[in-house]
Structure formats: C-alpha cells, structure tokens
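Let's start with one chain on its own, the form predicted alone, as structure tokens.
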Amino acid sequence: MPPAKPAFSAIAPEAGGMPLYRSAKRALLQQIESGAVPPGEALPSEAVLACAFGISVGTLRHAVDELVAEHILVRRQGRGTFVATHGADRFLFQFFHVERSDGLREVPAVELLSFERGRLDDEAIASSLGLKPGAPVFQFNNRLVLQGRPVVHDHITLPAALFKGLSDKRLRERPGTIYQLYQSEFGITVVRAQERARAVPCDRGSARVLGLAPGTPVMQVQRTALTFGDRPVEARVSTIHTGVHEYVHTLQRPA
C-alpha cells in the first residue's frame, strides 16, 4: 500500500504558548512518522511549507534546522531537504563509536553468531523496552570485527511484535546496516539512542566471542534505541575489547 499523501495545513497557536516553530516541527514529525513522507523523499520547499503552515519562512527554517540537527532530515546542497535514511555513513557518524587508538574509524565486519525467538526473561531489558517479562522477542548475537580483530560482542533484543517475519536469513543477507534493515523492511526508523557505559570483567560468553581470557577488563555499553516519540525498539548490550580500540563519542554543542 502506498504511503498516505502528505497533509500540510495551517498551524493554529497552541495553548501554553508553544512557539510556532515547535508546532511546525511536530507537524513535520507526524508526516514523517506516518510514512506520508517516507525515508529518502524530499520535503516540499521551505517557501511552500511555510505558506501551507501559515508561518514565516524563518519560523519554518527553525523547525527544519532542529530536525536536521537530530538527523531526522538532511539537507543536500542544491537539491533540497530530505527525510534521512540509514546507511553506512550515518551508522559511523551517529551510532558506532568504536575506533582504533590512532583514530581510524571504519564500518565493522559483522558476523551473526546466533538467532532465536523466545520469551523475555531479563527484567532490566524488559523495562528498557517497555515490555513485560515473558513477552515474545527476537534475540541474537553478533561479533564485530575491525582490522581483522574481534572487537565487539553485541547481544541484541527486539520486540517480536515490531519485527514480524525477521529471520536468521534476513539478518545474514541484509545489504546494509542493521538500522537500515529496520527502516527499509519493517518501517522502523531509529532516530537516537540512550547509552550507559561501565567497565566490567569479561564474562565467559563474551570471552569466547572476543578471544579473551575470562575476567579481562572490557567496556560494556547498554543501549536502548529509540524511534519517533522516544519509543524503544531495540535493547543492545555491547561488550567492547579496548586493548587496541577506544569508545569515542563526540558531543554536539548545545544550540
């Protein structure tokens, strides 16, 4: 079924004094989330949108600027503003923070180690996904290899209700990143992630995956990936061998 036709109409001032640009931002997000403006498609020009919303171009541009800063929209010089898609560049820039100690950062080779459908028995993961213990989920393990070294062990949990039809084969044969798979085949766009990091001794499972002795100091990063409206769609526990690699996250300057 084709996506709904975008419906851009005049924005009425809201109670509470919300700035008009935030109302415009909300209206644009609603169109993107609904699929009316799908990933990779161009928005109407700022002049057209401003006229449709009944606001100034400057106000509209403020809304678009925020969505660009949040990686939901992307400007392409001379071509316009597009709904962002997931690809290798976005993966490296926004979601992959492991690089060699000399600053080399590259897309890792990903090896799928296991895949299963089961019931969620981890209360912490259930809480992060907004699920009840026992909810049906997909769980799989990946090994990420950089410069020929196994560096990251990812344990990923997905709500089965959101990823109907996901299989070992679809994961192995995906042509791009995993977030690209979520977006292109399941209509789920990861827009940001919450992460918590700590140093831990490597457990036996990750030690086998990474070729380390159990108890070796490693970094563990717990990530909850969020789609529009800050709805959780993925829980990930990454165990990172930091012998040669580092976890580097460049913070954006506040607006």
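So that there is no doubt, residue numbering starts at 1 and follows the sequence shown. Predicted, not measured: the structure shown is a model, and the values here were computed from it.
Heads up, the form predicted together with the DNA isn't pictured, but that's what we're talking about next.
- The single contact residue among K132, K169, R76, K164, judged by any heavy atom lying within 4.5 Å of the DNA in the model of the complex, is R76.
- Proximity to the DNA in the model of the complex, defined as a heavy atom within 4.5 Å, holds among E70, E195, E41, E46 only for E46.
- Of the heavy atoms in P232, none are within 4.5 Å of the DNA in the model of the complex.
- Within this chain, G54 lines the site of the DNA in the model of the complex, having a heavy atom no more than 4.5 Å away.
- The DNA is not drawn, but in the model of the complex it has no heavy atom within 4.5 Å of Q30.
- Among heavy atoms of R61, some come within 4.5 Å of the DNA in the model of the complex.
- Of the candidate stretches 177-185, 134-142, 78-86, 119-127, only 78-86 contains residues with a heavy atom within 4.5 Å of the DNA in the model of the complex.
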